[in-house]
Ligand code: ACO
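Okay, here we've got a single chain as structure tokens, the form predicted on its own, with questions on binding and movement later.
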């Protein structure tokens, strides 16, 4: 496994098409300070165009995924420095939501431990989330005098049902990975010792697919959710035409040829043969 660049608070390692983006402040349970926001933004920007990275996995060093914003360095440390506060705030929202939500490659949150507060934003921005059964999630803001800010309250409305979201926002009760799976905040939970293997298995499944089509599929779903039916119909029609014209693999034509003419492919049982000429 090769480490790509020496960031101060983040490690990026590449292995067989998977880019492992590791929040690396284990002594602070990977709480997000301004430097981590700057590092994550730079790392994701580079990985967007890195040809060797097919799937991005975000996880944490040590026993925590991310404990939320660093209260001392992100909040108190910038109280008297409005320029730094603005820079950190922009970088924070840019990588945790805008950049990650629209990332051109599949993204997986591999939650290996504590996931609190502001960490819910990148958790929900990722396309998939797998957690250790004993991972601990929580919206503890109510217990120390604020509400889940940034975009946390907004993204929860997409990821959790109304009653569940209100319960955890207003009680601050923590819950484990099994409960997170039950709430559908994550895709599923596994014993901690199986977490990496399960994440790799999902990443490999995604890498079998046509990357251009994967990107289009996630964009269509995410953008059309907020459109009315007429807008969605127009958007998807245009997107489908654009995909056929720009897909270097000509996936639609290849898949149909293998299914209809060559009888070598059954769509419900996996990806078409991308290596066929």
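Positions refer to the first chain, counted from 1. Since this is a predicted model, take the numbers as computed values, not measurements.
Omitted from view is the form predicted in complex with this ligand, to which the following refers.
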Please identify, from 61 to 69, 35 to 43, 244 to 252, 230 to 238, the stretch that has a heavy atom within 4.5 Å of this ligand in the predicted bound form. 61 to 69
Within 4.5 Å, heavy atoms only: does residue 146 come near this ligand in the predicted bound form? yes
Please check if residue 27 has a heavy atom lying within 4.5 Å of any heavy atom of this ligand in the predicted bound form. yes
Although the partner isn't part of this model, could you tell me whether residue 141 comes within 4.5 Å of this ligand in the predicted bound form, counting any heavy atom of the residue? yes
Is residue 75 part of the interface with this ligand in the predicted bound form - any heavy atom within 4.5 Å? yes
Counting any non-hydrogen atom inside 4.5 Å, which residue from 128, 103, 116, 175 sits next to this ligand in the predicted bound form? 116
Sequence order please: the residues of 30 to 51 with a heavy atom within 4.5 Å of this ligand in the predicted bound form. 31
